[in-house]
Structure formats: C-alpha cells, structure tokens
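As a starting point, one isolated chain is supplied in structure tokens, in the form predicted alone.
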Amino acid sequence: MKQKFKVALAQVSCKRGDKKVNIRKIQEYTEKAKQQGAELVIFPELSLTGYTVRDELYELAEKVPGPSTATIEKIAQKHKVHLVFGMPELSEKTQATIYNTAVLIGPKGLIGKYRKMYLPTHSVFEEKRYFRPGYRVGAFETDLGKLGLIICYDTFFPEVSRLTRLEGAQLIVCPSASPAVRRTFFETLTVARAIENTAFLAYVNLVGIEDGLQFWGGSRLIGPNGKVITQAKYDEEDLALGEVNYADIRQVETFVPTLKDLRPDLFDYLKERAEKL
C-alpha cells in the first residue's frame, strides 16, 4: 500500500443524457491528470449522465458492471490510475429500480461501488422520486490504501462518514452535485467530516448549469487536520491536484483522538431517540 500519492479533482460539467460525450471528458481529464502524476482521479456525482436528467434516468441507467464501466475500465487500465465517477445504476434484480451510485475502478478493473444512502427530496431536489437508497457503507481495499465512498448529501449525516472511517478508510471520496445555494453548507461540513474522523476527504463537485441549476464547483482535498490542501476554482471547469500522505494521520490522531474517544454506548441511545423523532 502506498503511503503517499497524488489525487486529481476533475471538476467538470456534463452534457445531460449523453454518456458518450461525458466518457470522452472522463478520458480527457484522466489523461491530463496522469500527465501531472495523479494516481487517483475523481469525477462528480452522476458525471456519466449529468444530474438533472429526470425520467431519462430509466433509459440511461446501467448495471454495474456494464457497458460504461467496461469502457471506463479501459481508460483506467491505459493510464494505470484509479478512477471514481458517478452514474445511475440499474438494479440487478428489477427492470426499473435505480440507485445513485459511485463507482471505483482501478488499473486492473472494477473494484467496487457505493449506493448513495441519503437522497435529498426538498426544494429543488427530487432524488427519492427516482432512486432507491443504498444500505451499506463503501470502503474498499486498493493499492492506494482503503478508500471510502460517500455521495453529496451523505455529508450532512456524520454517521455515514464515521461508519466508512470505522471500516478502515483513511481517504473518504465524496462526488457531489451541489447547486450554489448549498455552497456554505458543503464548505463547512466537508471540513468537519475530515476533522471528526481524522481522515483525508476529497470532495469533487459538479460545475456548470443544468436545467436552470447552477453548480458551483469549489472541489477540495482536505487533510485530517481540517486544512484545505488544494481547491478547484468556483463556477468553471478545473483540474486540481493535491497529495495524500497517510503518515499525516498519526500526528493528528495523537493530539485530537476523536476515534479513541468514541462512546459506542451513545449510538444505542441515538438509535432509540431517532426512532421516536
């Protein structure tokens, strides 16, 4: 396992409903990232299809593995990198059950997938209308250490990142499609999730305008001490690179021992109170 490696935050806009165009962009940005020494390249939530495709999801969704993951596997293999991207995943058992999924691919092929647990359905969001929530955290063994996956609104719920960290992930990857009205929330919460779990967190947000929604970008790599290591531009496509060094975690864990100080007995009480909300 590598202790130190470069991460590329591929902050892109997407062409709604056009997987071929979006895969070409994934290929283009992966090539640029590799030229700069990146070993992990991360793309936004639903970057395969665009975010606001609504009923088109039923035609665009694919199984994992499937045709698009096979194509992107070839990109990862060619450039010898790990890739994370978002897509609508069709259930293996039904014809019209869809998940909002983040896929992790390595140089040797598909490693794993994570299905978004928390689906915003308020204000401009309508994800529960289309997606089924996931029920398992995503933490995967790779040559770059154990990588965790969460997606966008999951960041608002500390238990998702905490469970991912307790599964052994030292780098939590968060593809996102956050519109500009939520910028302050995500800039605050991503730092909090990194600090409270003494973990690296890579947040990669969509950029551009889709169906009247403006996505603000602002992707960032955050260290376990809460400091922003690198940040992409606001409101335009960008490729930002930063370094993860797992050796940095030990010092933070020593002086801010949030994991050592966990109180498992409180989780039972939390469950009880939440059930009576």
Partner chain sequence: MKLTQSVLDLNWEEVKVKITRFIRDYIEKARAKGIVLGLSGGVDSSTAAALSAIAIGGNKVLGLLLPEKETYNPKDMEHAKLAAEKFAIKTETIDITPAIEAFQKTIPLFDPDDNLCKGNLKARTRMLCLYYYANKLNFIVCGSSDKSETMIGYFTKWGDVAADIAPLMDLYKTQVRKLAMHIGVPEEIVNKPPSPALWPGQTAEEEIGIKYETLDLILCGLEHFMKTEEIAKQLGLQKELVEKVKRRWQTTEHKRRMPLTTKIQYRTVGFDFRIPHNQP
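Positions refer to the first chain, counted from 1. As the structure is a prediction and not an experimental result, all values here were calculated from the model.
Keep in mind that the form predicted together with the partner chain is missing from the display, and what follows is about it.
In the model of the complex, V181 approaches the partner chain with a heavy atom inside 4.5 Å. The partner chain in the model of the complex comes within 4.5 Å of a heavy atom belonging to Q214. Put simply, D235 is far from the partner chain in the model of the complex: not one heavy atom of it is within 4.5 Å. The shortest heavy atom separation between R250 and the partner chain in the model of the complex exceeds 4.5 Å. For the options K32, K227, K63, R54, the one in contact with the partner chain in the model of the complex, meaning a heavy atom within 4.5 Å, is R54. The chain is drawn here without the partner chain; in the model of the complex, the stretch among 81 to 89, 190 to 198, 163 to 171, 118 to 126 whose residues come within 4.5 Å of it by any heavy atom is 118 to 126. Annotation for 56 to 74: interface residues with the partner chain in the model of the complex are E56, Y58, E59 [heavy atom within 4.5 Å].
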